[in-house]
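Have a look below at one chain only, the form predicted alone, in structure tokens format.
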């Protein structure tokens, strides 16, 4: 079978690239190894034993970054929807209430109005407000979309502008844990992208969760005539004279196209192409404990959408030395968006930095025991943050780096991929392009824009 382009992976970037190319008449096939789409941002369900109810859970998505109101121009979310020809109202976005950076003795709140964070910095770090404004000015003048940008340390930039080390740590914490493949630091280019998307634009959540986004992307791809194959992974990327000519699937089919776009990750893609892997496998892996509770918390009990909790003045963003690192955690309450409905079960999701190798080495019994330990520590943090809330769990789930690896095939379960990013998407193989996480755009909006950008750049050329 011959196509104009083959896309590996039906995640956000893969579907977006497929839509964009199909919109211009290209014959596109998207291959997905799993039974459902979404990749690192997907969904699943569990049955509550007591009531027999079916509970729906998001994977990956705590929040959709880059919030924009309807009609706002020149915003990443607006550009994304326009490029895919999806109406703003189709995502049914609910803005966050507010989020909290929680360090010993200091807290900073932020929401979808950047003035709140600026006021918080002024109140909590009054001597730093002029320096903070200089940082904001530098961010606004920085071209984070330069595909040829080289690595610059964010910590070095921040320490050259800000003078309070605690403020540096607090500003970095949400951005690192929501997108950095580097330990302890991140590329300043990535910092600017994340600062704008999280602090300047903010969080929202689609009504119905991540499935709303996935279903809409699949529908658009099929409307444009794209072909989507589930349970159909890639065994090998076929090359001829160092040029991609197609793929061999796990079903033994050979599909041909002059361009192959891969969202599998840079090291994973080069292995599929049987090429030497020069890209490092990322060290940042995570685990998450999820508790479905008997009822939603009231606003007086717990009203933050997301809490970035850290028990020390320094933020240790690095691969956990033990199985998991409970010194810091992201606590997400998916109910705390601007939604009127407070009926039904509550939900808390707590994320820790974790250690892939240690979990991988456990036998089944020890693995389950360690998950239970993580769950108890995670819920202990929630109870400290919401001491007035009567916490009764009706369903719990815990996933580890090995869970991520099993369902996404990302090496070591590294959700942010390799620290070696390819900004322009071009590999050493002609016609083989990297999209998604290892191209360098982050978050759901970033992943979709990655697929759109590289689909436009390389996928709309005339086939040879």
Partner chain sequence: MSAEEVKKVVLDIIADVAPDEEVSDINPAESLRDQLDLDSMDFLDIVMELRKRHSVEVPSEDYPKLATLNSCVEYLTPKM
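Numbering follows the first chain given and starts at 1. Please read these numbers as outputs of a predicted model, since none were measured by experiment.
This next part talks about the form predicted together with its partner chain, which is not shown.
Proximity of residue 70 to its partner chain in the predicted bound form falls within the 4.5 Å heavy atom cutoff. Although the partner is absent from this view, residue 74 contacts its partner chain in the predicted bound form, with a non-hydrogen atom inside 4.5 angstroms.
A residue is said to contact a partner when one of its heavy atoms sits within 4.5 Å of a partner heavy atom; residue 10 fails this definition for its partner chain in the predicted bound form, lying far away.
In the predicted bound form, none of the heavy atoms of residue 444 sits within 4.5 Å of a heavy atom of its partner chain. Proximity to its partner chain in the predicted bound form, taken as heavy atoms within 4.5 Å, picks out 80-88 from the listed stretches 80-88, 274-282, 170-178, 207-215.
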